[in-house]
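We've got the same protein chain twice here, in two forms, each standing alone as C-alpha coordinates: structure 1 and structure 2.
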Structure 1
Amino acid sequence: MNIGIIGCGAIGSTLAKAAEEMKEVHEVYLFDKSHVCSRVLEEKFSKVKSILNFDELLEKSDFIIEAASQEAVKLFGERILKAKLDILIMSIGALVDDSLRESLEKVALENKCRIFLPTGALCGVDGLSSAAVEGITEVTLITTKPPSALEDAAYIKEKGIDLKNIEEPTIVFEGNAKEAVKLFPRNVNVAATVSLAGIGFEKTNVKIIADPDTNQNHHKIIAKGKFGTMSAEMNNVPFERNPKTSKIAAQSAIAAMKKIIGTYWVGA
(Lines of atoms letter the chains of each structure in order from A and count residues from 1; the text may use other names and numbers.)
(Lines give C-alpha, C1' and ligand atoms only; values in the text may rest on other atoms or scores of the structure.)
Protein backbone atom coordinates (compact mmCIF):
# COMPACT_ATOMS: atom_id res chain seq x y z
CA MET A 1 0.00 0.00 0.00
CA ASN A 2 1.15 3.55 -0.73
CA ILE A 3 0.52 6.10 2.02
CA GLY A 4 0.10 9.84 1.43
CA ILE A 5 0.80 12.17 4.36
CA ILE A 6 -0.18 15.86 4.33
CA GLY A 7 2.04 17.78 6.75
CA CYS A 8 5.47 16.70 7.86
CA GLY A 9 5.79 18.51 11.14
CA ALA A 10 5.93 16.79 14.53
CA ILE A 11 3.20 14.21 13.80
CA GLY A 12 3.74 13.78 10.04
CA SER A 13 7.48 13.15 10.31
CA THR A 14 6.95 10.64 13.15
CA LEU A 15 4.33 8.90 11.00
CA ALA A 16 6.67 8.82 8.00
CA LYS A 17 9.33 7.07 10.08
CA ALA A 18 6.80 4.52 11.39
CA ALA A 19 5.38 3.90 7.89
CA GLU A 20 8.91 3.36 6.55
CA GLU A 21 9.27 0.47 9.00
CA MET A 22 5.92 -1.24 8.13
CA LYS A 23 6.09 -4.22 5.81
CA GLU A 24 2.57 -3.43 4.51
CA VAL A 25 3.79 -0.04 3.24
CA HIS A 26 5.37 0.17 -0.19
CA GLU A 27 5.92 3.95 -0.54
CA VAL A 28 5.23 7.03 1.59
CA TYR A 29 4.40 10.29 -0.21
CA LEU A 30 4.83 13.50 1.76
CA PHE A 31 3.07 16.74 0.87
CA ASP A 32 3.76 19.90 2.87
CA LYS A 33 3.45 23.58 2.00
CA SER A 34 7.01 23.82 3.25
CA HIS A 35 8.82 21.59 0.75
CA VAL A 36 12.03 21.76 2.76
CA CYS A 37 10.82 19.37 5.46
CA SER A 38 9.49 16.77 2.99
CA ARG A 39 12.79 16.84 1.08
CA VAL A 40 14.78 16.35 4.31
CA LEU A 41 12.70 13.26 5.12
CA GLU A 42 13.04 11.97 1.54
CA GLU A 43 16.81 11.98 1.98
CA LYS A 44 16.55 10.20 5.31
CA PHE A 45 14.15 7.34 4.47
CA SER A 46 14.19 5.01 1.48
CA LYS A 47 10.38 4.64 1.04
CA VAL A 48 9.69 8.37 1.45
CA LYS A 49 9.14 10.61 -1.59
CA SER A 50 8.49 14.36 -1.43
CA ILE A 51 5.50 15.44 -3.54
CA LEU A 52 5.07 19.04 -4.68
CA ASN A 53 1.74 18.75 -6.45
CA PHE A 54 -1.42 17.75 -4.58
CA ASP A 55 -2.98 16.01 -7.62
CA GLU A 56 0.09 13.79 -7.80
CA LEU A 57 -0.41 12.88 -4.12
CA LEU A 58 -3.99 11.82 -4.96
CA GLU A 59 -2.86 9.75 -7.94
CA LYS A 60 -0.07 7.92 -6.14
CA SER A 61 -1.64 7.24 -2.72
CA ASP A 62 -3.99 4.43 -1.66
CA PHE A 63 -4.77 6.09 1.66
CA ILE A 64 -4.14 9.62 2.97
CA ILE A 65 -3.30 10.90 6.44
CA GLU A 66 -3.84 14.57 7.22
CA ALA A 67 -1.35 15.73 9.87
CA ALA A 68 -1.19 19.42 8.94
CA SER A 69 -3.87 21.88 10.06
CA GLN A 70 -7.60 22.58 10.10
CA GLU A 71 -7.01 24.62 6.95
CA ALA A 72 -5.67 21.49 5.22
CA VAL A 73 -8.85 19.55 6.11
CA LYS A 74 -10.92 22.35 4.55
CA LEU A 75 -8.72 22.59 1.46
CA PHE A 76 -8.14 18.91 0.73
CA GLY A 77 -10.72 16.78 2.61
CA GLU A 78 -13.37 16.69 -0.13
CA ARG A 79 -10.81 16.28 -2.92
CA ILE A 80 -9.37 13.21 -1.18
CA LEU A 81 -12.79 11.59 -0.73
CA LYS A 82 -13.84 12.45 -4.30
CA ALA A 83 -10.71 10.59 -5.44
CA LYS A 84 -12.22 7.59 -3.58
CA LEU A 85 -9.48 7.52 -0.96
CA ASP A 86 -10.02 6.95 2.76
CA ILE A 87 -8.60 9.64 5.03
CA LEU A 88 -7.28 9.72 8.58
CA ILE A 89 -7.79 13.21 10.01
CA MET A 90 -5.56 14.45 12.84
CA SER A 91 -6.89 18.05 12.85
CA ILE A 92 -10.24 16.82 14.16
CA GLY A 93 -11.06 20.32 15.41
CA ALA A 94 -11.92 21.24 11.80
CA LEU A 95 -15.04 19.09 12.17
CA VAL A 96 -16.52 21.54 14.67
CA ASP A 97 -17.66 23.38 11.53
CA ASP A 98 -21.07 21.76 10.90
CA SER A 99 -21.15 22.55 7.18
CA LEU A 100 -17.65 21.14 6.57
CA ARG A 101 -18.41 18.00 8.61
CA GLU A 102 -21.73 17.41 6.84
CA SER A 103 -20.26 17.92 3.38
CA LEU A 104 -17.34 15.53 4.11
CA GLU A 105 -19.86 12.93 5.35
CA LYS A 106 -21.93 13.35 2.19
CA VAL A 107 -18.95 13.04 -0.18
CA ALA A 108 -17.59 10.04 1.77
CA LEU A 109 -20.96 8.25 1.45
CA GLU A 110 -21.24 9.05 -2.25
CA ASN A 111 -17.73 7.71 -2.88
CA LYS A 112 -17.89 4.77 -0.46
CA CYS A 113 -14.94 6.10 1.52
CA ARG A 114 -14.24 6.25 5.21
CA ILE A 115 -13.03 9.05 7.49
CA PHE A 116 -10.89 7.82 10.38
CA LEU A 117 -10.50 9.93 13.53
CA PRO A 118 -7.75 8.76 15.91
CA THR A 119 -8.01 8.91 19.70
CA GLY A 120 -5.25 11.55 19.70
CA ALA A 121 -4.36 12.87 23.13
CA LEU A 122 -7.17 10.90 24.82
CA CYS A 123 -7.89 7.48 26.18
CA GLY A 124 -11.35 6.03 26.78
CA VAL A 125 -12.75 6.97 23.35
CA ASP A 126 -13.49 3.26 22.73
CA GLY A 127 -15.66 3.00 25.87
CA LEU A 128 -17.33 6.33 25.14
CA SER A 129 -18.30 5.20 21.61
CA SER A 130 -19.79 1.97 23.01
CA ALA A 131 -21.66 3.90 25.72
CA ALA A 132 -23.02 6.34 23.12
CA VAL A 133 -24.78 3.55 21.21
CA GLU A 134 -27.73 3.84 23.61
CA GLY A 135 -28.83 5.93 26.52
CA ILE A 136 -25.78 8.04 27.36
CA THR A 137 -26.96 10.89 29.55
CA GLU A 138 -23.91 12.90 30.52
CA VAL A 139 -20.38 13.46 29.18
CA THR A 140 -17.81 15.77 30.73
CA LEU A 141 -14.26 16.47 29.55
CA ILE A 142 -12.00 17.96 32.21
CA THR A 143 -8.76 19.36 30.80
CA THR A 144 -6.01 20.53 33.13
CA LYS A 145 -3.04 22.41 31.68
CA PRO A 146 -0.15 24.55 32.89
CA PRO A 147 -1.22 28.24 32.90
CA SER A 148 1.30 28.99 30.10
CA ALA A 149 -0.59 26.60 27.77
CA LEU A 150 -3.77 28.66 28.19
CA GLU A 151 -2.43 32.21 28.12
CA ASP A 152 -2.88 32.65 24.33
CA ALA A 153 -6.67 32.20 24.55
CA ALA A 154 -8.46 35.52 23.90
CA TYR A 155 -11.10 34.49 26.48
CA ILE A 156 -8.48 34.58 29.27
CA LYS A 157 -7.56 38.17 28.32
CA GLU A 158 -11.22 39.24 27.94
CA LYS A 159 -12.12 37.85 31.38
CA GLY A 160 -9.04 39.49 32.91
CA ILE A 161 -7.84 36.16 34.36
CA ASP A 162 -4.33 36.65 35.75
CA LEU A 163 -2.77 33.26 34.97
CA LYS A 164 0.72 34.34 36.09
CA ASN A 165 -0.42 34.77 39.68
CA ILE A 166 -2.50 31.59 40.04
CA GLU A 167 -1.28 29.62 43.09
CA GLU A 168 -3.60 26.59 42.94
CA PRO A 169 -5.61 24.66 40.31
CA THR A 170 -8.22 27.15 39.07
CA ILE A 171 -11.25 26.55 36.83
CA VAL A 172 -10.98 29.07 33.98
CA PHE A 173 -13.89 27.80 31.87
CA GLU A 174 -17.04 25.72 32.26
CA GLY A 175 -19.50 25.33 29.40
CA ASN A 176 -20.33 23.12 26.46
CA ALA A 177 -17.84 21.82 23.88
CA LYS A 178 -19.15 24.16 21.18
CA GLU A 179 -18.24 27.22 23.30
CA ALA A 180 -14.99 25.63 24.52
CA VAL A 181 -13.57 25.07 21.05
CA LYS A 182 -14.32 28.67 20.06
CA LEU A 183 -12.82 30.16 23.20
CA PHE A 184 -9.87 27.75 23.54
CA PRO A 185 -8.75 26.83 20.03
CA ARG A 186 -5.78 24.87 21.36
CA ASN A 187 -8.17 22.50 23.15
CA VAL A 188 -10.21 21.97 20.04
CA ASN A 189 -9.04 18.48 19.00
CA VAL A 190 -9.81 16.72 22.28
CA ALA A 191 -13.19 18.45 22.72
CA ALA A 192 -14.12 17.58 19.12
CA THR A 193 -13.09 13.92 19.55
CA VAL A 194 -15.12 13.54 22.76
CA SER A 195 -18.14 15.26 21.17
CA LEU A 196 -18.06 13.17 18.00
CA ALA A 197 -17.57 9.88 19.89
CA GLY A 198 -20.26 10.74 22.44
CA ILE A 199 -23.30 13.01 22.38
CA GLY A 200 -22.27 15.99 20.25
CA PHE A 201 -20.84 19.45 20.78
CA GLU A 202 -23.86 21.05 22.46
CA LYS A 203 -24.43 18.32 25.07
CA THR A 204 -20.77 17.69 26.00
CA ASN A 205 -19.64 19.57 29.12
CA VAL A 206 -16.11 20.94 29.21
CA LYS A 207 -14.18 22.17 32.22
CA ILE A 208 -10.75 23.77 31.73
CA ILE A 209 -8.40 24.09 34.70
CA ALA A 210 -5.13 26.02 34.93
CA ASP A 211 -2.74 24.23 37.29
CA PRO A 212 0.50 26.04 38.22
CA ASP A 213 1.99 22.80 39.60
CA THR A 214 1.96 20.80 36.35
CA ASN A 215 3.91 20.83 33.11
CA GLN A 216 1.70 18.18 31.49
CA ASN A 217 -1.68 18.19 29.75
CA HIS A 218 -4.20 16.12 31.66
CA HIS A 219 -7.51 15.04 30.06
CA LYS A 220 -10.28 13.20 31.90
CA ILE A 221 -13.50 11.92 30.32
CA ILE A 222 -16.42 11.18 32.63
CA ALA A 223 -19.64 9.68 31.26
CA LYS A 224 -22.91 8.31 32.64
CA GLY A 225 -25.80 6.47 31.06
CA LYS A 226 -27.73 3.22 30.76
CA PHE A 227 -24.40 1.40 30.41
CA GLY A 228 -23.24 2.55 33.87
CA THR A 229 -20.45 5.07 34.42
CA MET A 230 -17.00 5.60 33.00
CA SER A 231 -13.95 7.64 33.85
CA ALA A 232 -10.78 7.70 31.75
CA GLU A 233 -7.79 9.92 32.22
CA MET A 234 -4.51 10.62 30.51
CA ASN A 235 -1.47 12.62 31.67
CA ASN A 236 0.40 13.72 28.56
CA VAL A 237 3.96 14.93 28.21
CA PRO A 238 4.53 17.54 25.48
CA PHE A 239 6.09 16.27 22.25
CA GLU A 240 9.71 17.43 22.06
CA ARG A 241 9.39 18.42 18.36
CA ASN A 242 6.31 20.58 18.99
CA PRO A 243 5.40 21.26 22.65
CA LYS A 244 1.84 22.26 21.59
CA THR A 245 1.29 18.62 20.62
CA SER A 246 1.28 15.79 23.18
CA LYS A 247 3.68 12.91 22.51
CA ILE A 248 0.80 10.44 22.70
CA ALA A 249 -1.03 12.24 19.83
CA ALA A 250 1.74 11.29 17.39
CA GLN A 251 1.74 7.77 18.82
CA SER A 252 -2.05 7.56 18.34
CA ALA A 253 -1.62 8.49 14.66
CA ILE A 254 0.83 5.60 14.28
CA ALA A 255 -1.45 3.20 16.18
CA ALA A 256 -4.41 4.24 13.97
CA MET A 257 -2.36 3.77 10.79
CA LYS A 258 -1.32 0.29 11.97
CA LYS A 259 -4.96 -0.65 12.69
CA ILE A 260 -6.13 0.57 9.30
CA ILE A 261 -3.46 -0.98 7.11
CA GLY A 262 -1.99 -3.70 9.30
CA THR A 263 -3.23 -7.29 9.60
CA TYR A 264 -4.57 -7.02 13.18
CA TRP A 265 -6.93 -4.44 14.65
CA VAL A 266 -6.81 -4.93 18.40
CA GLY A 267 -9.66 -3.22 20.24
CA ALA A 268 -11.94 -2.64 17.24
Structure 2
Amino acid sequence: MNIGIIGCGAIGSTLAKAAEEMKEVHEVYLFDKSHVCSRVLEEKFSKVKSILNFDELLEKSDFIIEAASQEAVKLFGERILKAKLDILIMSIGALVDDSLRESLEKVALENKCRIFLPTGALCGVDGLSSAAVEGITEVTLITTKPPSALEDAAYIKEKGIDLKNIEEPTIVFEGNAKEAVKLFPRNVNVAATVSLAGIGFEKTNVKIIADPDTNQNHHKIIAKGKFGTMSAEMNNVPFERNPKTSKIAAQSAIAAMKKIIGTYWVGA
Protein backbone atom coordinates (compact mmCIF):
# COMPACT_ATOMS: atom_id res chain seq x y z
CA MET A 1 0.00 0.00 0.00
CA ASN A 2 1.11 3.56 -0.74
CA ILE A 3 0.24 6.13 1.92
CA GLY A 4 -0.20 9.86 1.40
CA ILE A 5 0.37 12.23 4.32
CA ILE A 6 -0.69 15.88 4.35
CA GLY A 7 1.50 17.83 6.74
CA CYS A 8 5.11 17.36 7.80
CA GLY A 9 4.91 18.75 11.30
CA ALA A 10 5.34 16.82 14.54
CA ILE A 11 2.55 14.32 13.86
CA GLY A 12 3.11 14.01 10.11
CA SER A 13 6.84 13.32 10.43
CA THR A 14 6.17 10.81 13.23
CA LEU A 15 3.71 8.99 10.96
CA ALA A 16 6.20 9.02 8.10
CA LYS A 17 8.82 7.41 10.32
CA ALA A 18 6.35 4.74 11.48
CA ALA A 19 5.20 4.02 7.92
CA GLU A 20 8.84 3.65 6.86
CA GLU A 21 9.10 0.69 9.24
CA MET A 22 5.89 -1.09 8.16
CA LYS A 23 6.33 -3.94 5.72
CA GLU A 24 2.81 -3.37 4.33
CA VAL A 25 3.80 0.14 3.17
CA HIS A 26 5.62 0.44 -0.13
CA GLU A 27 5.92 4.21 -0.47
CA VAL A 28 4.98 7.27 1.58
CA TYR A 29 4.05 10.46 -0.27
CA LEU A 30 4.32 13.72 1.67
CA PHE A 31 2.49 16.90 0.77
CA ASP A 32 3.18 20.07 2.74
CA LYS A 33 3.07 23.80 2.05
CA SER A 34 6.70 23.79 3.22
CA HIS A 35 8.48 21.86 0.49
CA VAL A 36 11.70 22.17 2.47
CA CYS A 37 10.21 20.12 5.30
CA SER A 38 8.95 17.32 3.05
CA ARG A 39 12.29 17.17 1.22
CA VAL A 40 14.19 16.84 4.51
CA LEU A 41 12.09 13.76 5.34
CA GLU A 42 12.56 12.44 1.80
CA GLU A 43 16.30 12.52 2.31
CA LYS A 44 15.98 10.88 5.72
CA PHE A 45 13.77 7.89 4.81
CA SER A 46 14.03 5.53 1.85
CA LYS A 47 10.27 5.07 1.30
CA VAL A 48 9.38 8.75 1.59
CA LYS A 49 8.77 10.89 -1.51
CA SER A 50 8.08 14.64 -1.45
CA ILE A 51 5.05 15.61 -3.56
CA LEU A 52 4.59 19.19 -4.77
CA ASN A 53 1.26 18.76 -6.56
CA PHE A 54 -1.88 17.68 -4.69
CA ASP A 55 -3.36 15.93 -7.73
CA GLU A 56 -0.22 13.80 -7.88
CA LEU A 57 -0.71 12.88 -4.23
CA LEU A 58 -4.24 11.68 -5.04
CA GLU A 59 -3.02 9.72 -8.05
CA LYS A 60 -0.21 7.89 -6.27
CA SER A 61 -1.80 7.21 -2.86
CA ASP A 62 -4.04 4.31 -1.82
CA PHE A 63 -4.98 5.99 1.46
CA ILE A 64 -4.41 9.50 2.84
CA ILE A 65 -3.76 10.86 6.33
CA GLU A 66 -4.45 14.51 7.17
CA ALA A 67 -1.92 15.65 9.78
CA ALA A 68 -1.80 19.37 9.09
CA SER A 69 -4.66 21.52 10.35
CA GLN A 70 -8.41 22.06 10.41
CA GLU A 71 -7.96 24.24 7.35
CA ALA A 72 -6.40 21.31 5.49
CA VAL A 73 -9.51 19.22 6.21
CA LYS A 74 -11.65 21.96 4.69
CA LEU A 75 -9.39 22.38 1.66
CA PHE A 76 -8.67 18.76 0.82
CA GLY A 77 -11.22 16.50 2.55
CA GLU A 78 -13.81 16.41 -0.22
CA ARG A 79 -11.19 16.14 -2.97
CA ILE A 80 -9.73 13.06 -1.30
CA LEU A 81 -13.11 11.37 -0.93
CA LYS A 82 -14.14 12.27 -4.50
CA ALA A 83 -10.96 10.49 -5.62
CA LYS A 84 -12.44 7.40 -3.90
CA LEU A 85 -9.74 7.34 -1.24
CA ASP A 86 -10.23 6.69 2.47
CA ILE A 87 -8.97 9.42 4.82
CA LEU A 88 -7.70 9.45 8.39
CA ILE A 89 -8.39 12.87 9.91
CA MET A 90 -6.14 14.03 12.74
CA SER A 91 -7.59 17.57 12.99
CA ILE A 92 -10.94 16.24 14.18
CA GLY A 93 -11.97 19.67 15.47
CA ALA A 94 -12.72 20.68 11.86
CA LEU A 95 -15.81 18.49 12.06
CA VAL A 96 -17.45 20.90 14.52
CA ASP A 97 -18.56 22.67 11.31
CA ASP A 98 -21.90 20.97 10.65
CA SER A 99 -21.97 21.80 6.94
CA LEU A 100 -18.42 20.48 6.41
CA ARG A 101 -19.08 17.29 8.38
CA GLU A 102 -22.35 16.58 6.57
CA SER A 103 -20.75 17.29 3.19
CA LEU A 104 -17.85 14.91 3.88
CA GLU A 105 -20.28 12.21 5.00
CA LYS A 106 -22.35 12.66 1.82
CA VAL A 107 -19.33 12.52 -0.50
CA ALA A 108 -17.91 9.49 1.33
CA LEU A 109 -21.21 7.64 0.95
CA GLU A 110 -21.46 8.52 -2.74
CA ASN A 111 -17.91 7.31 -3.42
CA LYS A 112 -18.02 4.26 -1.13
CA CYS A 113 -15.06 5.33 0.98
CA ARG A 114 -14.49 5.89 4.67
CA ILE A 115 -13.49 8.61 7.11
CA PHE A 116 -11.34 7.38 10.02
CA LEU A 117 -11.01 9.33 13.28
CA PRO A 118 -8.32 8.19 15.76
CA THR A 119 -8.98 8.21 19.51
CA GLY A 120 -6.15 10.69 20.04
CA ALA A 121 -5.21 11.50 23.65
CA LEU A 122 -8.25 9.77 25.13
CA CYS A 123 -9.21 6.42 26.57
CA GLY A 124 -12.77 5.19 26.87
CA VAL A 125 -13.92 6.21 23.39
CA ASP A 126 -14.86 2.62 22.55
CA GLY A 127 -17.02 2.43 25.69
CA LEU A 128 -18.62 5.77 24.91
CA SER A 129 -19.47 4.61 21.37
CA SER A 130 -21.02 1.42 22.74
CA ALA A 131 -23.04 3.36 25.31
CA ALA A 132 -24.39 5.66 22.59
CA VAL A 133 -26.12 2.73 20.86
CA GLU A 134 -29.01 2.80 23.32
CA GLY A 135 -28.74 6.36 24.50
CA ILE A 136 -26.54 8.59 26.66
CA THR A 137 -28.14 11.26 28.79
CA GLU A 138 -25.06 13.18 29.84
CA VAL A 139 -21.39 13.51 28.82
CA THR A 140 -18.78 15.75 30.40
CA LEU A 141 -15.16 16.16 29.35
CA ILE A 142 -12.79 17.73 31.87
CA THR A 143 -9.44 18.73 30.37
CA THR A 144 -6.59 19.93 32.59
CA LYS A 145 -3.41 21.36 31.10
CA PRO A 146 -0.40 23.37 32.23
CA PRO A 147 -1.05 27.10 31.63
CA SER A 148 1.70 27.29 28.99
CA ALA A 149 -0.22 24.83 26.80
CA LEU A 150 -3.13 27.30 26.57
CA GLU A 151 -1.29 30.58 26.11
CA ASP A 152 -1.76 30.80 22.33
CA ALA A 153 -5.55 30.48 22.47
CA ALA A 154 -7.23 33.69 21.29
CA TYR A 155 -9.99 33.16 23.87
CA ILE A 156 -7.47 33.45 26.72
CA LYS A 157 -6.23 36.77 25.38
CA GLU A 158 -9.73 38.12 24.71
CA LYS A 159 -10.82 37.31 28.27
CA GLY A 160 -7.66 38.85 29.71
CA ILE A 161 -6.74 35.67 31.58
CA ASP A 162 -3.23 35.99 33.01
CA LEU A 163 -1.96 32.43 32.80
CA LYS A 164 1.48 33.31 34.19
CA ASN A 165 0.03 34.39 37.51
CA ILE A 166 -2.31 31.44 38.06
CA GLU A 167 -1.32 29.83 41.38
CA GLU A 168 -3.92 27.03 41.65
CA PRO A 169 -6.07 24.93 39.31
CA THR A 170 -8.35 27.43 37.58
CA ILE A 171 -11.31 26.89 35.25
CA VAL A 172 -10.63 29.00 32.16
CA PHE A 173 -13.59 27.71 30.11
CA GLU A 174 -16.87 25.98 30.77
CA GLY A 175 -19.47 25.39 28.05
CA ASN A 176 -20.40 22.91 25.34
CA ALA A 177 -18.02 21.13 22.97
CA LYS A 178 -19.08 23.20 19.98
CA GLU A 179 -17.87 26.35 21.71
CA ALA A 180 -14.76 24.69 23.13
CA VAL A 181 -13.50 23.35 19.80
CA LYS A 182 -14.03 26.70 18.08
CA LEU A 183 -12.36 28.70 20.85
CA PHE A 184 -9.46 26.30 21.45
CA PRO A 185 -8.80 24.79 17.98
CA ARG A 186 -5.27 23.64 18.87
CA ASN A 187 -5.97 22.44 22.39
CA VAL A 188 -9.16 20.37 22.64
CA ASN A 189 -9.52 18.23 19.53
CA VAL A 190 -10.46 15.58 22.10
CA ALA A 191 -13.76 17.40 22.66
CA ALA A 192 -14.65 16.74 19.02
CA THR A 193 -13.82 13.05 19.40
CA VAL A 194 -15.98 12.73 22.51
CA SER A 195 -18.85 14.56 20.80
CA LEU A 196 -18.80 12.39 17.69
CA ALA A 197 -18.57 9.18 19.71
CA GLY A 198 -21.31 10.23 22.11
CA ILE A 199 -24.21 12.70 21.96
CA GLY A 200 -22.98 15.51 19.72
CA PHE A 201 -21.22 18.82 20.06
CA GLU A 202 -24.01 20.86 21.60
CA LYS A 203 -24.95 18.32 24.29
CA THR A 204 -21.40 17.50 25.38
CA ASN A 205 -20.21 19.54 28.36
CA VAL A 206 -16.58 20.70 28.45
CA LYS A 207 -14.53 22.16 31.27
CA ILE A 208 -10.95 23.36 30.65
CA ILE A 209 -8.67 23.83 33.65
CA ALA A 210 -5.25 25.50 33.77
CA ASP A 211 -3.15 23.90 36.51
CA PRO A 212 0.28 25.40 37.32
CA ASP A 213 1.27 22.30 39.31
CA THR A 214 1.11 19.88 36.38
CA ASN A 215 3.27 19.34 33.33
CA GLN A 216 0.88 16.80 31.82
CA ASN A 217 -2.37 16.90 29.86
CA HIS A 218 -5.19 15.25 31.78
CA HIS A 219 -8.51 14.24 30.18
CA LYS A 220 -11.49 12.78 32.02
CA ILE A 221 -14.72 11.59 30.40
CA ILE A 222 -17.82 11.16 32.56
CA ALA A 223 -20.96 9.70 30.97
CA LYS A 224 -24.38 8.59 32.14
CA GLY A 225 -27.19 6.78 30.37
CA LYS A 226 -29.26 3.63 30.04
CA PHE A 227 -26.04 1.60 30.10
CA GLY A 228 -25.15 2.91 33.58
CA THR A 229 -22.26 5.29 34.28
CA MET A 230 -18.67 5.46 33.10
CA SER A 231 -15.58 7.42 33.96
CA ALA A 232 -12.37 7.22 31.95
CA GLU A 233 -9.28 9.35 32.46
CA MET A 234 -5.71 9.68 31.29
CA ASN A 235 -2.66 11.62 32.36
CA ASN A 236 -0.72 12.27 29.18
CA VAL A 237 2.90 13.30 28.78
CA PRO A 238 3.12 16.24 26.32
CA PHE A 239 4.51 15.40 22.88
CA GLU A 240 8.10 16.61 23.00
CA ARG A 241 7.91 18.01 19.47
CA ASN A 242 4.63 19.82 20.14
CA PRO A 243 3.78 20.39 23.85
CA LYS A 244 0.26 21.56 22.97
CA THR A 245 -0.69 17.97 22.22
CA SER A 246 -0.06 14.67 24.00
CA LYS A 247 2.54 12.08 23.09
CA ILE A 248 -0.13 9.39 22.92
CA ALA A 249 -2.00 11.38 20.25
CA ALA A 250 0.84 10.59 17.84
CA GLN A 251 0.86 6.97 19.02
CA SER A 252 -2.90 6.84 18.44
CA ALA A 253 -2.38 7.93 14.84
CA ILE A 254 0.21 5.19 14.32
CA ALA A 255 -2.10 2.59 15.92
CA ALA A 256 -4.96 3.69 13.64
CA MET A 257 -2.71 3.46 10.58
CA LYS A 258 -1.65 -0.06 11.56
CA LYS A 259 -5.30 -1.11 11.95
CA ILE A 260 -6.28 0.31 8.56
CA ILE A 261 -3.47 -1.29 6.58
CA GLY A 262 -3.08 -4.41 8.71
CA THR A 263 -4.98 -7.64 9.29
CA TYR A 264 -6.34 -7.17 12.81
CA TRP A 265 -8.60 -4.43 14.17
CA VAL A 266 -8.58 -4.87 17.93
CA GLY A 267 -11.24 -2.83 19.73
CA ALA A 268 -13.66 -2.48 16.81
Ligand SMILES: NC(=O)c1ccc[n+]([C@@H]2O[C@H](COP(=O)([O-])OP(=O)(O)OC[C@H]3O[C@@H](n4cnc5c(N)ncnc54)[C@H](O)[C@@H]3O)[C@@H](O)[C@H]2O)c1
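Start at 1 and count along the sequence of structure 1; that gives the residue numbers used here. What you are looking at is a predicted structure, and each value in this text was computed from that prediction instead of being measured. By rigid core we mean the largest C-alpha set that fits within 1.5 Å across both forms.
These are two forms of one chain. I'd like to know which is the form predicted on its own.
Structure 2, which is the form predicted on its own, differs in this respect from structure 1.
Honestly, after the rigid core fit, is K82 moving at least 2 Å at Cα between structures 1 and 2?
The answer is no; the displacement is under 2 Å.
Aligning on the core only, does the CA of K157 end up 2 angstroms or more away between structures 1 and 2?
True for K157: a C-alpha shift of 2 Å or more.
After a rigid core superposition, would you say the CA of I142 moves by 2 angstroms or more between structures 1 and 2, or not?
Shift at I142: below 2 Å after core fit.
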